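First comes one chain, alone, set out as structure tokens in the form predicted alone.
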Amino acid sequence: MAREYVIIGDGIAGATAATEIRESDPDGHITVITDESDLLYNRVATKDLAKGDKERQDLLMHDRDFYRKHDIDVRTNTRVTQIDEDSKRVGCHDGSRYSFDKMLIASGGTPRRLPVPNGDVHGIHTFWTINDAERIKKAAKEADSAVVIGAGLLGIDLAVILGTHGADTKYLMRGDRWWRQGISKEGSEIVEKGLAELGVECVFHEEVERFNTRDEHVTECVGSSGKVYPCDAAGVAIGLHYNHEFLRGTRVKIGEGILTDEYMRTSVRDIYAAGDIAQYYDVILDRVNQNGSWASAKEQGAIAGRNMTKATDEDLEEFELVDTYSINHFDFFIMSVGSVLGSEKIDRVYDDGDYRRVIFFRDKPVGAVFVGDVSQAGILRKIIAQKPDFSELDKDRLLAESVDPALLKELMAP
């Protein structure tokens, strides 16, 4: 009898899992359930759509013919409401039900709203889907002034989008720099100059007390300092609520996301998770991690999909990836490699103004961040993948303007 697979979510994790399953199990029945109306699109490029550099059709990756060709049953505009892990049944909002032998949860998340007065009125935007990108593009073109809240990777996208379209944009951050997890104040200052050239002013040590409105549309942002910032539009990027409410009453263990092992398996046999929602055991960091970058989500989906088809536990593959993420809004690059979470961080600003940080955890390099020159990202990625112990090595060698290739050979030697 053919095996039944159900995948919740048609983002890059879910879609990749479906194609991997089909390659490994030509006879299995695959159902993909998504609450979006659009099939797989390039979520990374939504910022380019919002900036006006790409059109909607440029982002689309899969169409109905793709799923027909791969014999995958895809159900759009369908929200999963319940899972019964004992009977192995999935229930949806429209009354439809699906049986599974193996299931993958790749349902991602929903952007958080600011919990302040008027935090959800018209003109305040979150940024996650292709439809969000089109709404923000329209709002940015019409706005004279704007504010952005969220000192992370999506926040800077929002700030650049609004500034690029000509809005006088204030970028509010509660700390003393952009992306405190990733870079030092010196690194942030390089980014701040790039933002200023696009019409974005960074405002530090500022939080939002409330938004003021007229006719239910945002007009002002009132900061914790008491300062009032006029805004026809606002962008909020303060993280995600993970979409796992349908797991209530199940034995699937939940942290902030869904807890999995290194094989992307949850605590319930035959149920896997991947993408933004997965809190997986990271074999490089030797601890639980969560990483929803495009590259990470794609590889998680691939590993989960293949593992769902395996006959025995001995055949399962571990998820192990040193991923990269880059930002190209400016005339310089910002790039991260691996994880920015660690117990020790070393930094250097070079004579030409470039910046690099290397992150260590238990004396092992686990990540690096570059602002400006990214030419050393490749060799550092290879070094991180070796999981070398630097407790008795000079860590500053990883900050050399040009990392000695002999170091990689030294680390790889038995």
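Sequential numbering from 1, following the sequence displayed. Computed from a prediction, not measured in an experiment: that's the story for all the values here.
The protein also exists as the form predicted together with a small molecule; that form is not presented, and the subsequent description refers to it.
With the small molecule omitted here, the record of contacts in the predicted complex names 290 to 298 of 183 to 191, 213 to 221, 198 to 206, 290 to 298, defined by a heavy atom within 4.5 Å. No residue in the set G123, K137 and D144 has a non-hydrogen atom no more than 4.5 Å from the small molecule in the predicted complex. Note on the partner interface in the predicted complex: the residue among I149, V80, M308, I156 having a heavy atom within 4.5 angstroms of the small molecule is V80. Screening T164, S339, Q279, T324 for any heavy atom within 4.5 Å of the small molecule in the predicted complex leaves a single hit, T324.
Of the heavy atoms in H62, none are within 4.5 Å of the small molecule in the predicted complex.
Remark: D354 does not count among the residues lining the small molecule in the predicted complex, judged by a heavy atom distance of 4.5 Å or less.
Interface residue remark: A385 is not counted as part of the site for the small molecule in the predicted complex, having no heavy atom within 4.5 Å. Not displayed here, the small molecule is kept clear of Y98 by more than 4.5 Å at the level of heavy atoms in the predicted complex.
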